[in-house]
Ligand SMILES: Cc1cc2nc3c(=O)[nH]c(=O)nc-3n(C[C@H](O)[C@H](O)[C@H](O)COP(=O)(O)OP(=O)(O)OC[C@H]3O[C@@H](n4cnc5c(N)ncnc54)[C@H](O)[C@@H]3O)c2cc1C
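Listed next as structure tokens is one chain, alone, in the form predicted on its own.
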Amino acid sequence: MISEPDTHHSPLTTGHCSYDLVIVGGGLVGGSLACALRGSGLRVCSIEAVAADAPAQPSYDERVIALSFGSRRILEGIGLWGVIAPGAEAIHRIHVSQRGGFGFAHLDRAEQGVEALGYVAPARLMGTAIRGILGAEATVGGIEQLCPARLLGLRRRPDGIDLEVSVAGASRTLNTRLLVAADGGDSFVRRRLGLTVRERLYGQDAIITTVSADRPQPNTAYERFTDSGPLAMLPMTQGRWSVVWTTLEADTQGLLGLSEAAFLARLQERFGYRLGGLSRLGRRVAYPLRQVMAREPVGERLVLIGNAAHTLHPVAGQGFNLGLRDLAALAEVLVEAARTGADPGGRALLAEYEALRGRDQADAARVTDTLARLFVNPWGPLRLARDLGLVGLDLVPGARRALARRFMGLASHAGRPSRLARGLSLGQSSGGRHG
């Protein structure tokens, strides 16, 4: 399908550049991929519409991100973790419960033999880490950065994709052998190419804020299922807690309109007193919740990664971690292509990437969707079954280990895990390419 440039734009056209890879979207996922490919020998161009230090930059905002243990390995491998670590709070324990029920389960790092089950880190700090590697120069380590820049149109050809980009009021034509769309849940690339999605609306919003607690439990994360959806309390530095409160759409605006004291009282009633009294409410922001899965995340000379490929319900904090596993696998096959001289947008490479990622993406979508719907059903026998399931989970070490490995991003998936996910650098030998 051909997408022509917007007709109401008529900038001067300047230059024509060819690349092995163009990344549309320079946020957390796209920016991390660019960092991973620095010095790979590939000619890469990154296109981002909003300057990294702009107040409106949607990726580098005030939210925190729950990072799995496997995601830490990936971030270490591409050189980002050193900047993130000082501002990240480790999760040593996870407490899972059902509001109004008797069942609960614990996951603990000691049982898993890891330093931490995961981490809670500010999105802005991750943005700082990415900027620290890519810098402010136009080209760094073979990565050319166009920012701010806007994609106007794209046209597929048998051996590549042509893109028209507006930079500082002038139009540039780019040609790439592979286009990577990392431009978010409302992906411009996906829409302009007419790619379809499977979408599920949950009728819920996530209210995001921060609080302090007078009886804090350091390094402990809480996932509490309620009749409106899950309520997560994630530990942060300086004794703060990130709140991810799933609410029914009909209730969201009323909750946002409450005074600070009234909102804290409602939150306390929903969560309970495991952390004592809650205080010092931060800014409240609400996001609509939905699952969106691209039907064709891999196409001819095209890969969708991150939210452009899959937007998940936030239960269990899987979405961003899934995007990191996408870029880790993609970076590995691209670096190998650079080493062997293979076509980075060729069918063989894209088939290898798809084999590495397809099952993991489908499994994560199924697990989060099941949890999101299962725990809001008020039917009495199902509530009892959920409580008994939590009790059973807490009593069976094997079940706890399987669940913990899923949430740590270490579960077994079809194909081999990427080098980065195994704690290896992209250039490090692992006993054979498929070791």
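Every value quoted in this text rests on a predicted model; they were computed, and no experiment measured them. Heads up: residue numbers just count along the shown sequence, starting at 1.
There is another form of the same protein, the form predicted together with the ligand; it is not shown, and what comes next is about it.
A.B. asks: Check for me: heavy atom within 4.5 Å of the ligand in the predicted complex, for each of Ala49, Arg63 and Gly184, yes or no.
C.D. replies: Heavy-atom distance to the ligand in the predicted complex: all three under 4.5 Å.
A.B. asks: Want to guess which of 269-277, 337-345, 320-328, 293-301 is within 4.5 Å of the ligand in the predicted complex, heavy atoms only?
C.D. replies: Comparing against the ligand in the predicted complex, the contact stretch is 320-328.
A.B. asks: I'd like to know if Val29 sits close to the ligand in the predicted complex, meaning any non-hydrogen atom pair within 4.5 angstroms.
C.D. replies: So Val29 counts as contacting the ligand.
A.B. asks: Taking 4.5 angstroms as the cut-off for heavy atoms, does Arg93 touch the ligand in the predicted complex?
C.D. replies: No.
A.B. asks: Even though the ligand is not shown here, does Gly118 get within 4.5 Å of it in the predicted complex, heavy atoms only?
C.D. replies: Gly118: no contact with the ligand in the predicted complex.
A.B. asks: Does Asn307 reach the ligand in the predicted complex, with heavy atoms at most 4.5 Å apart?
C.D. replies: Looking in the predicted complex, residue contacts with the ligand include Asn307, since a heavy atom lies within 4.5 Å.
A.B. asks: Scan Leu163, Ile78, Ala149, Ala221 and let me know which has any heavy atom within 4.5 Å of the ligand in the predicted complex.
C.D. replies: Only one option qualifies, and that one is Ala149.
A.B. asks: Just one of Gly229, Pro314, Pro235, Pro122 has a heavy atom within 4.5 angstroms of the ligand in the predicted complex, so which one?
C.D. replies: By the 4.5 Å criterion, the partner-contacting residue is Pro314.
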